[in-house]
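Starting off, we have a lone chain in the form predicted on its own, written out as structure tokens.
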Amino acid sequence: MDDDWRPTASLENIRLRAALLAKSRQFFAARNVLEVETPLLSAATVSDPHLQSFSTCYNGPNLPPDTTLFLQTSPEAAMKRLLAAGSGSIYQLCKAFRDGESGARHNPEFTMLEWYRVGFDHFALMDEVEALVQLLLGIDRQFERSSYRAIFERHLGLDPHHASLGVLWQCAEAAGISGGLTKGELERDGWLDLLMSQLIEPQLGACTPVFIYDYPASQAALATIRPGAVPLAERFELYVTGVELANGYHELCDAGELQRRYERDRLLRLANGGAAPACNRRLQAALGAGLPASSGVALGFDRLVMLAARADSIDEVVVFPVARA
């Protein structure tokens, strides 16, 4: 179209984004959290089977011919290398990239706010996330907190840690969201993710933002797992009016366990017909050198601007989304 050169975001929302970025930087400066900047391109990429990376072929100095480099899905690995090098608590406002993610709440290129607090567990980090979001969204009430188990019991009447595969499938079937799949066509976490995303998430944080914590150990990603009768991942997610806004971990510090999780992810990717990246050797070396006890969180900044602007689509707060890039 003749006018597709124009931004999709209004000037009012462009100014709002600038104000929220300035407030975020003031927030961290007041807490002596150092702003850092790491490369967008990396020789390694994320192992998470749910995330797909963009890649490019590099032919230039300092690397072998036809070297594959990846656009980061988040700055996590590079920031953890800084933590291991003694940076102390750090934050970063940057671009991240995820292939195949586009829609009302997604753009393949997006702005992420990620930060790490040395000496914090995930509960202490929740306090800080709450303080920041209260400031940026003008919320004057305390956020709710609920365990993963409690939220499933409240909304679906089942215990996600003990319910059988058949029970999870029956719940999806009864709600009309199974898509005709038999119970064996998804793994346990696949059914839990489906129930969470389709039946629970849209109801979360409708009146008051809510943190969900203590996820199944199988969904730990790079979070610490707390042992017990039911091992639990020390991670959390924040929801505001049905929007997943932030995802945080009490960080894994064990290099051997990192290797085991990369191998698990590699096998899952291969089983699903995908490419399997090698373990990030530099991140593994950083953990081997000693990652300080810390917690970290990634917050979708475009989504936060959406919430502040009361917008229905990410296109309303991003100047040039992928269709106009």
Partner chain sequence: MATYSTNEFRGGLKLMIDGDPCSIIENEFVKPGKGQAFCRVKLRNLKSGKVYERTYKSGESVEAADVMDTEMQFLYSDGEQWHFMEPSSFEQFAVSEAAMADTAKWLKGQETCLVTLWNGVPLSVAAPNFVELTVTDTDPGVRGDTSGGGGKPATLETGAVVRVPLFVDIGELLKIDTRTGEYVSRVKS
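Just so it is clear, the model here is predicted, and its values are computed rather than measured. Residue numbers count along the first chain shown, from 1.
This next part talks about the form predicted in complex with its partner chain, which is not shown.
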Partner contact for E185 in the predicted bound form: its partner chain, 4.5 angstroms, heavy atom:
yes
Can you check whether G190 is within 4.5 Å of its partner chain in the predicted bound form, heavy atom basis?
yes
Check H50 for me: does it contact its partner chain in the predicted bound form (non-hydrogen atoms, 4.5 angstroms)?
yes
Hey, in the predicted bound form, is R226 touching its partner chain, heavy atoms inside 4.5 Å?
no
Given a 4.5 Å cut-off on heavy atoms, tell me which of 123 to 131, 98 to 106, 153 to 161, 139 to 147 is the interface stretch with its partner chain in the predicted bound form.
98 to 106
May I ask you to choose, among Y213, W169, Y91, Y249, the residue with a heavy atom within 4.5 Å of its partner chain in the predicted bound form?
Y249
The single option of I177, V243, L135, A255 touching its partner chain in the predicted bound form, heavy atom within 4.5 Å
I177
Three residues, Q72, A78 and L82; all within 4.5 Å of its partner chain in the predicted bound form via heavy atoms?
no
Along 189 to 214, which positions have a non-hydrogen atom within 4.5 Å of its partner chain in the predicted bound form?
G190, D193, L194, S197, Q198
